[in-house]
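In structure tokens, the next block holds one chain alone, the form predicted alone.
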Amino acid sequence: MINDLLSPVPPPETPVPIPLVFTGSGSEYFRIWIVNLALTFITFGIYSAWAKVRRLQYFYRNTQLDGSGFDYHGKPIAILKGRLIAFGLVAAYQFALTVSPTAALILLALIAAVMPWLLVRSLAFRLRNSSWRGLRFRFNGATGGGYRVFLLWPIASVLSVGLLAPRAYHALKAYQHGNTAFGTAPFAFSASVRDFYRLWLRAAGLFLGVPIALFLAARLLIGSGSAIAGLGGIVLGILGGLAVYLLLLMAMPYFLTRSQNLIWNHTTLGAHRFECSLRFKKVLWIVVSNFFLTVLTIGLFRPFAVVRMARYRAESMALVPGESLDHFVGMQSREVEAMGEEVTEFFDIDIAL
């Protein structure tokens, strides 16, 4: 017994990440996509709400964690309601423009006043109707916080000529991730504002530095006055334009990759944490090849393109468990049952974020 007490304590086991798995295929989704497209066209867009539910259910159910798929329970009527509200607001604004600029400004102010509330409702609806292993997600964000991230911070970004855009984006993600819960277990978000500024500065340096350098070089050659310099300036101008186009093509994949890695690598759920390992070159290849294949097939490759990206994004995510998932889900289920069934509020809407 003394030997047992003196024996070294074994180190704790290193948790093994559990990757997400996407089991869908392009051919399966193509059948859903083509039917959704046809019915939406025939019904003048009304079926688009039902199409969205079918699409979300397909991608949720084919995204699995630890052998269990997610699920979506949203009702098409709530989605249709949200779209009718959005369409009505846009139509009213367009009509006001034909009446008078003053009426348009007043209506725009009213839309700005009500839109954050609608977006918070939409976010709560989306999460409340998402589940894993039968347990629902939920959103606990206050409406006041919604007005800050959906109205005040965007206005501040515009007034600061984009200087506060990273701060606004950080506030949005902190609001979304920091107010989400699975059952009763809260998510937490730990990325700093400095992390977001670093991301935006790297992106700006990459996508603005090269075109500016080429432009300045062209100006120097053109300013020398010689014919050769003039020809060189034209060539550099063409190359500069091509460089700008290629950099803009890469901008979205770069930002998607770096921002998703930053956000999810700083998100936790109780004792669990997430890992995201998207690679820029891989995302760029998927985006560029999807674009050309979609053009070559006159749009018919679109569902296969969506599945390719969904598979890569899902399989680049992993959950690092801090405890047994079975125990965690069981505890959350008992706590939710003890709280009683959540009452669904009457005004359910879904406006895409």
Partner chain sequence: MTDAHAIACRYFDGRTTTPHAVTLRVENGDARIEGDGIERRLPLAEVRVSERMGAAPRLVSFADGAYCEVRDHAGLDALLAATGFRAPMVARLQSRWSFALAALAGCMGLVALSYLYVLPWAAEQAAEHIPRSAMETLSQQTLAAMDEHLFKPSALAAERREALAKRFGLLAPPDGDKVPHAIVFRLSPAIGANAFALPNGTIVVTDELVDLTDSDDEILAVLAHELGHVQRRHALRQILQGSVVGLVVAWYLGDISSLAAAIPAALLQARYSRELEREADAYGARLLRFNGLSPALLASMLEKLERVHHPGDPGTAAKAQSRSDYLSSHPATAERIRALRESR
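In this text, all values refer to a predicted model and were calculated from it rather than measured experimentally. Positions refer to the first chain, counted from 1.
Same protein, other form: the form predicted in complex with the partner chain, not shown, and the subject of what follows.
Interface residue remark: R133 is counted as part of the site for the partner chain in the model of the complex, having a heavy atom within 4.5 Å. Residue contact with the partner chain in the model of the complex: S289 places no heavy atom within 4.5 Å of it. Using a 4.5 angstroms threshold between heavy atoms, R54 counts as touching the partner chain in the model of the complex.
Contact annotation: I42 falls within 4.5 Å of the partner chain in the model of the complex, judged by heavy atom distances.
Remark: none of the three candidate residues (V114, K173 and E275) comes within 4.5 Å of the partner chain in the model of the complex, counting heavy atoms only. Figure note: of the listed segments 152-160, 105-113, 68-76, 83-91, the one touching the partner chain in the model of the complex, with heavy atoms no more than 4.5 Å away, is 68-76. Checked against the partner chain in the model of the complex, the residues L325, I46, A318, A310 give one hit for a heavy atom within 4.5 Å, which is L325. Residues of 291-312 placing a heavy atom within 4.5 Å of the partner chain in the model of the complex, in sequence order: F291, T294, V295, I298, G299, L300, R302.
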